[in-house]
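What follows are structure tokens for two forms of the same protein chain, given separately as structure 1 and structure 2.
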Structure 1
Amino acid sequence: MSDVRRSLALVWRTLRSMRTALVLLLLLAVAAIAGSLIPQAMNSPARVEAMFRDHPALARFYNAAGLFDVYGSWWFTFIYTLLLISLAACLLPRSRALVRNVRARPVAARELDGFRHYAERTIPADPERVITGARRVLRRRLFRVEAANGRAPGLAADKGLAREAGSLLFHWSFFLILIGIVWGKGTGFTGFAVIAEGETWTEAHANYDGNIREGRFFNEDHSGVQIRVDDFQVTYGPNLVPKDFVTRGELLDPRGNPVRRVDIRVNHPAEEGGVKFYQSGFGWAPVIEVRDGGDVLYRGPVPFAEDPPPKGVGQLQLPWHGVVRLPTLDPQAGIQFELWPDSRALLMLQSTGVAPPMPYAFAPVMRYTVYRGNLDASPVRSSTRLDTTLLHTEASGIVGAATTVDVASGRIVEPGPSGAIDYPKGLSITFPELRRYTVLEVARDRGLWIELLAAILILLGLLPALYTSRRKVWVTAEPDGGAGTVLKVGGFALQRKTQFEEEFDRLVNELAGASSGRAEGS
């Protein structure tokens, strides 16, 4: 029993030591480095996938060791938990000691000339006056002063408790950060909404298409706030870097009543119902209609995606791709589209082999390929790319904006004399217009104010912890036998000891000058 207690005491002592905390702190840094060198599933899922493809054995090892999710791994959690325990073990006794120190008044010292800093002055004034003057000087210098009368009248003074208080505030605030994270992330969520121009999107779990991470204590209380996107605009700078992009629209309450119009930009999120909308990304969403004879099988804007560009090719030089699935047909059909927002780029590619960048739309065209077969046979679930291995090609062709193409013949269906289109038998594809879509990040974090508070406290604590110093000063005033007084000053510095030498000299001058009416030393 006592063995157990002894080893527990040892563990506790070890945890409490600064050395342990220091080692844990550096261990945390090393662990964080691992996370910055190995791709993290959270930040770059594509690179993690690439690892699994190119180095499967290594990737499996990384995965097992939690190296693809370092900051959520058990060992990272273990390190900072230990660090926080060690911190608490260190802070608790220090906090108690601070409270004791604050309550306790400065204590008299016996022999002043034993201190590292010591000075003696003879002053032509009586001891009472010297003490009164000294008390005033020390108070003005923010010392706590206490009468300490031994053989002679004297004072004991100290200052700099703010150093310890600041240090403790700084360190305790990290627990507040942890509370903020657990509460904020636990009860909140982060997701991405893909919304084409003209569409209204409701903040609800199903509408994220799986692109949402909800906290552990989140109880599905989505806000139901709606946003209607009227317009998305992007402007490019001279070297085709996006200069500005903005989602213009209107926020609506859960019942659909307008709340206010918003322009959402990077750095300018919109907030409603406790949920924030951030500008995150954008792309092309051609409106596509697919008909079988006269029956509409599909109609609506389809968000397209782009591939990462190969080396030496700009992102804007690449076409976009998307899919329309027609699962109700028998056999099922899927259409893979390739969008060229600027058809001149496609012509240039065919004539020169190089496509120029396509920042803006100009007479857009889509190449399409219609596949038939069982769409559910493939395990790949991509919304922009068909897995065609088990499908067979039925037809392919090209469709321009504001036209309809007969899939069987590949020809454009001209409108009749009345302007109405007589849709052909079989499949036809219509491309009424090209729209943009916006990607908004949608997040709720109720811990934000806790984090902000903690950050402020960290800074507030850090300044006195680093820049104030603890000092103790003792003063006695003995009659020198005549009309004068021998002033004795002893001083003790716990930090910045070399700096205290000058400080002490100045202080002694001031103490000596306070009662003799002389100008105080500077």
Structure 2
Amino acid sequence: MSDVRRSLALVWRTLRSMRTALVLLLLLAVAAIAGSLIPQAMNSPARVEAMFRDHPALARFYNAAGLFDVYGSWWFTFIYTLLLISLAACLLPRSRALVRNVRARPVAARELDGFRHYAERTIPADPERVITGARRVLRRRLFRVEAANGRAPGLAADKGLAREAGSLLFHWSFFLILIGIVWGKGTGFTGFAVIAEGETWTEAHANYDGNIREGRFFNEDHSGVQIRVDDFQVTYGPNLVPKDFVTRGELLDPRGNPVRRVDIRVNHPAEEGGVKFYQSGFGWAPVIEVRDGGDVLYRGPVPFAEDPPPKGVGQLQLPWHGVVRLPTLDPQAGIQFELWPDSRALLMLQSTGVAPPMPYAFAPVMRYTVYRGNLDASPVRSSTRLDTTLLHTEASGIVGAATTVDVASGRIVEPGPSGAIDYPKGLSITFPELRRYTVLEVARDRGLWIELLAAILILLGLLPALYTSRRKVWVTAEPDGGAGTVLKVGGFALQRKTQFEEEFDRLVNELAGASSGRAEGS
């Protein structure tokens, strides 16, 4: 049993070391780097699936080590818990010691000439007057002063406890930040909402389409807050880099009642019900209608994604891609679209082989390819690309804005005299209009106020820790056998000892001057 106790005592002494806390903090930093470099299952499930497909052995190792879910792994939680215990074990004894020091009064010293800093002055005044002047000077310099009983009148003084209090406040605030992170991230969530112009989006789990990361203690506590996007506008600089983009819309409560209108920009989020909406991205969302004869199979805006340009190509912009899946048909059908917001870029590509930038829409057109077969061939399902492994091409063509095309013949279907369209039998595609969509990062973090408070306390704790130092001073006043008094001053510094040399000389001169009526030192 004694061996067990010794082992436990060794573990506890190790945890109480600030060096241990620093090592644990370093381990958390290394884990955070791993979480940034390795795809995480909660953030990028498609990348994780792709890694299992392309590098199965490495993926199995990462999965066994918990590297696909670093922040939810048992070892990350274990390190985090040890860090909290280590910090608390370090700070609690220091806090108790500070309380004892605050309650204790300065203690008299016997032999002042034994201190490293010692000085004597002969002053033409009685000892009581010398002690009274010394008490006044020390209190003005923010010392705690206590009368020292001895053969001669004396004082014991100290100051600088604010330095230790500031240091403790700094470290306790760091501990509070860790608590705030656990509480905020554990009970919060972060997701991305893709919303086309004219649509209303509700903050609920099903509406994130898998683009959501929830805390371990979240329990599906979604707010139900709604946002209606009325308009999205983007302006470009001379180099065609987006200079400003803004989502204009209206926030609604969970019952659909309007709350207020908002303009959401980068670094200017909107908030309702503790949920914040941040501007993250944008793109094109053509409205597409697919019919089978007179039956509407699909109608609505479809978010498209743009392929990144090759390295070194500069501002070259490639077409946007989107997909409409029709799983109810037999056999199933999928339509792959290629959007050219500015049809002039497509014409230039066909004539010169180079597509110029097209930040704005001008007579937009879409190429389409209709595939038939099994739509569920791939476990990694892209929202903008079809896996054609088990599909075969049925038809392809092009459709312009505000037109309808017959898939079988590829011909444009014109409206009749009444303005109505007599849709042909078989599939037909209508491209009524081109809209934009906005990507909003939606987040709730209940621990932010804790982290903000801790950050403020850290700054407050740094001030006394940086600008104050522990000092102890003793003063005695002994009669010199005549009408004067021998002033003896001793002292030492716990921090910034080299600076105390000049500080001590000034203090001695001021003590002597206050007793003799001269204003020396400062």
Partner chain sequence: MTSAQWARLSQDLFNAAMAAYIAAMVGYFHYLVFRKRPAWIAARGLAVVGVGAHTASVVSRGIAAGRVPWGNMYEYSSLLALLVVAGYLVIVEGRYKVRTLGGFVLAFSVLTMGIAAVRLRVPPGPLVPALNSYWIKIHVVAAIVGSSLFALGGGVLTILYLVQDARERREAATLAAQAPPPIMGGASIDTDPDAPPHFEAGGDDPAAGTTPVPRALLPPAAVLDRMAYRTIAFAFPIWTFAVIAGAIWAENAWGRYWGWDPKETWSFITWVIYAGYLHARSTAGWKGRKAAVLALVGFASLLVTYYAVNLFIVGLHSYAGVP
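Computed from a predicted structure; not experimentally measured. Counting starts at 1 with the first residue of structure 1 and goes up one by one along its sequence. We call the rigid core the largest set of C-alpha positions that still match within 1.5 Å between the two forms.
Novice: Specify the structure that is the form predicted alone; exactly one of the two qualifies.
Specialist: Structure 2, not 1.
Novice: If the two forms are fitted on the core, does S17 show a Cα displacement reaching 2 angstroms between the two structures?
Specialist: Yes; S17 is a residue whose C-alpha shifts (by 2 Å or more) between the two structures when the cores are overlaid.
Novice: Taking 2 Å as the cut-off, check whether the CA of F492 shifts that much or more between the two structures after a rigid core fit.
Specialist: False for F492: its C-alpha shift is below 2 Å.
Novice: Take the rigid core as the frame of reference and indicate whether the C-alpha of F76 shifts by 2 Å or more between the two structures.
Specialist: F76: C-alpha displaced by 2 Å or more between the two structures.
Novice: After superposing on the rigid core, how much does the Cα of V30 shift between the two structures, in Å?
Specialist: Comparing the two forms, V30 shifts 5.9 Å at C-alpha.
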